[in-house]
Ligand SMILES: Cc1cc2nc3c(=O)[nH]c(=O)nc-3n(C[C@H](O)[C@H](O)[C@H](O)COP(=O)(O)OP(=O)(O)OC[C@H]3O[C@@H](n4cnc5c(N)ncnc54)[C@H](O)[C@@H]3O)c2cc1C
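To begin, one chain is listed below as structure tokens, in the form predicted on its own.
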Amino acid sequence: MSLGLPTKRHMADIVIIGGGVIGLSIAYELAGQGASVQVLERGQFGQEASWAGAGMIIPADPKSATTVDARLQAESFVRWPGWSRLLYEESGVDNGFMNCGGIQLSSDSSGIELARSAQQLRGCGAIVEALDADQLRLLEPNMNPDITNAIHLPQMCQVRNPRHLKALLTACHVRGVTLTAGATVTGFQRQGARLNAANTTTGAIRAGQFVVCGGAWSESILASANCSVDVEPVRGQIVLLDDFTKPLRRIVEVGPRYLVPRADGKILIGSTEEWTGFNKGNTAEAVAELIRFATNLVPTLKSAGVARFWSGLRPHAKRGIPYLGQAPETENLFVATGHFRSGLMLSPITGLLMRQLVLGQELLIPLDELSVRSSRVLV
């Protein structure tokens, strides 16, 4: 079917606003269908929420998913192995995808939180094994001996965020995507029910279709197009340790905090959730607290070196699920934002669904519950 795309060769068919893992995944999918795609990024590609995550891939089974967010997680989980292989074949970059397994611990002494999590994971089709203290020590001998209750997720996987972003950028380039850094979108030019161009700090950029996936900045970008999303920035701080003794083999989660061991001996500690607006700086208090958290779980980490620390702004959708859909009142504007802590995890399915939506293809998952509303005030 016709996409309503411009015929001039210097115009892109589709302009994507936002060069994080979501925007690049959508660009990769669209370019694979022969579309001419340009990605606009206000800063450097993949340096915001995509950089501030640990790359945890949570197991789920599409046959067991009963809610839209569970379906997104499950459909993404089953695609990650093939997605990673294809990116490697096209880019030559290994994104570090591997099945490492994971362990969840309770943040309270009652164990109620852990039991609830196990029930939820089983409900999504994941394999969940209860562990007592001895079983936990067999799997992870260096864990704090005071920990007596845990669950094991043998299907849990991980990917290395910087490497995955490098693979995506390279594969997008191979597929002919135009990648433009340092282009902040300030508004749009409209004619009737369609947008003609995006106004940027480097000039107007015309296209046939526009996709906004600007993370924490999406709300302000979309406001000029009568499109309302309740997305706010949430700062996440992360610490990277060096410990070549490799004291941990599996991902360890405690509520929103985690340890993620890499194959080269590095260990990620994350992450904070801080409602500090667009302030992205690290703080001594948060870095110290993350290190205390890690060394309490794995005491041998007290001798590990601190490699670096950083932070990023995650796009938190206040309604609890991301926005995926067409903008109301605008025929050629689409939105993919608000993934919060799950952007990397959900990027394969988001790329697929947005490609299907933009190109008018049959949708794998109905997007009604994820739709976007108008911000126009009716009088």
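These numbers were taken from a predicted model, which means no experiment stands behind them. Sequential numbering from 1, following the sequence displayed.
Another form, the form predicted in complex with the ligand, is not on view; read the next lines as being about it.
Enquirer: What is the one choice in Ala294, Ala198, Ile221, Cys124 with a heavy atom within 4.5 Å of the ligand in the predicted bound form?
Expert: Selected option: Ile221.
Enquirer: Pick from Ala74, Val185, Cys227, Ala150: which has a non-hydrogen atom within 4.5 Å of the ligand in the predicted bound form?
Expert: That would be Val185.
Enquirer: Which among 102-110, 124-132, 305-313, 139-147 is in contact with the ligand in the predicted bound form, heavy atoms within 4.5 angstroms?
Expert: Result for this chain: 305-313.
Enquirer: Using 4.5 Å between non-hydrogen atoms, is Met56 touching the ligand in the predicted bound form?
Expert: Contact with the ligand, yes.
Enquirer: Examine Ile238 and determine whether its closest non-hydrogen atom to the ligand in the predicted bound form is within 4.5 angstroms.
Expert: Flag for Ile238 set to yes.
Enquirer: Taking any heavy atom pair closer than or equal to 4.5 Å as contact, tell me whether Gly351 reaches the ligand in the predicted bound form.
Expert: Contact check for Gly351: no, nothing within 4.5 Å of the ligand in the predicted bound form.
Enquirer: Please check if Trp217 has a heavy atom lying within 4.5 Å of any heavy atom of the ligand in the predicted bound form.
Expert: So Trp217 counts as contacting the ligand.
Enquirer: Out of 329-357, which residues reach within 4.5 Å of the ligand in the predicted bound form, heavy atoms considered?
Expert: His339, Phe340, Arg341, Ser342, Gly343, Leu344, Met345 sit within 4.5 Å of the partner.
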